[in-house]
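In the form predicted alone, a lone chain appears below as structure tokens.
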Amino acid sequence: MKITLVHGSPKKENKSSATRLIIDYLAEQLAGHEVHRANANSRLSFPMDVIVFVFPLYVDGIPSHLLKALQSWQDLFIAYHIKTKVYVVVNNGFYEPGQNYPAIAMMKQWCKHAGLLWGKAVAVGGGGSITAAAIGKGPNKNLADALDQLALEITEGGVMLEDDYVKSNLSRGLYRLSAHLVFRLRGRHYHAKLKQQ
């Protein structure tokens, strides 16, 4: 099976970003298959059986640079009548995974226009904790379970699978407290006074 993992974050790709950590974890779970990595500036390698888009939520939607890439790739998929199956993992800094719903709906609509097959989406809430611990540990145990299931469904196939909405293993209160602490530390790093933080 030929699988392409698309890094859809507009931030500079680095080993500690949430998007990169999710892609690295998925690649490990998909070992044994032909896995390729791409980003919004890549030329996609055809044909492919599966394409997985991993990106952060931006203003309740798809990051603009990825949206532009989707529009250009759509023409290729239509021209070559490619029936690739699409999966999506979208994370956001809010605690609620449901905040990702509009972006998932946009991806489903894009699949429809491009003539692609929809697989499923994994909507991740509490994205701020993804870089705090290894996936599978502490606040990211639920995320590991969801990504393990996604990898299984990708390799074994499936039709009309239900989207998965994943909460952080941290409580809402603890997640909020952690976020405030991080903001305070960053503010102190840039010499911001407490009133400015």
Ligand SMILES: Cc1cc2nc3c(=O)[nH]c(=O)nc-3n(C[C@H](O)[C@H](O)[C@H](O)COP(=O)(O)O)c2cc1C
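Residue numbers run from 1 along the displayed sequence. Small disclaimer: the values here were computed from a predicted structure and weren't measured.
Omitted here: the form predicted together with this ligand. The next part is about that form.
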| property | result |
| --- | --- |
| Residue among I51, L150, L66, L57 with a heavy atom within 4.5 Å of this ligand in the predicted bound form | L57 |
| Contact test in the predicted bound form: A18 vs this ligand, heavy atoms, 4.5 Å | yes |
| Residue contact check: F94 to this ligand in the predicted bound form, 4.5 Å heavy atom | yes |
| This ligand contact in the predicted bound form: G119, any heavy atom under 4.5 Å | no |
| Which of 141-149, 26-34, 57-65, 42-50 sits within 4.5 Å of this ligand in the predicted bound form, heavy atom basis | 57-65 |
